[in-house]
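As structure tokens, one chain now follows by itself in the form predicted on its own.
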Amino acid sequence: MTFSQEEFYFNNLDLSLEKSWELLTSGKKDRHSPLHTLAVGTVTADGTPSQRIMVLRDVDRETRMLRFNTDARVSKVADLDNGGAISILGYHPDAKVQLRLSGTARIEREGAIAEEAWEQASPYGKRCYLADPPPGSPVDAPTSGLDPAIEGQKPDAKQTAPARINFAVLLAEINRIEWLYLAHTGHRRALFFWNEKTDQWDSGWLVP
């Protein structure tokens, strides 16, 4: 569903939820969309919040799932391996909509979803997973972590094959959406949360 006028949805809970998913779906397709890159937050084992910007790779409204690609060796994988809590934040200035999403996430290194995601990745995207030592490792000098022979070059399939072992997908199952619409006439804020008993979204208005 496409909305050309804001008044069609900003006072309607059902349409506001629809607009939220529309913006997310557009974000996965359009690399220029403000929602193509989202702030993803996790919690470490010692309770420390941790955030990073990630590229939104897929959206499945039916399963309420968002997919991101990740290096299997990084810290957020440890945060989420056992179904940890996740928070996702994005803002679309043209739509004047902020989305705060939360739920649980898991990491998959093997299986159909991970394999398809790897096949869909570009050669440059796959090259990122060749970094050695792993991302976040302390080093003595600035570095990309890539072998100089491949740095700045478009790699072929043979060169990126060893990177597959370091590749994984992050799957976030969304059970809460907080929607904020910014308007000079008066902001609107709503909360949508997934009801496991009824298999549907419950919703209500909040004061912005």
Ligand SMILES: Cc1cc2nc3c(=O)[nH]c(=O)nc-3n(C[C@H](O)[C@H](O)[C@H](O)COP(=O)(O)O)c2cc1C
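One rule holds for the numbers: they count along the sequence shown, beginning at 1. What you see is a predicted model; the values in this text were computed from it and never measured.
Keep in mind that the form predicted in complex with this ligand is missing from the display, and what follows is about it.
In the model of the complex, at least one heavy atom of residue 57 sits within 4.5 Å of this ligand. Under a 4.5 angstroms non-hydrogen atom cutoff, this ligand in the model of the complex lacks residue 31 among its neighbouring residues. At the 4.5 Å threshold, heavy atoms of residue 143 stay clear of this ligand in the model of the complex, well away from it. Among heavy atoms of residue 52, some come within 4.5 Å of this ligand in the model of the complex. Proximity to this ligand in the model of the complex, defined as a heavy atom within 4.5 Å, singles out one entry of 122, 137, 75, 104, which is 75. Look at 149-157, 62-70, 172-180, 22-30: in the model of the complex, residues with non-hydrogen atoms within 4.5 angstroms of this ligand sit in 62-70.
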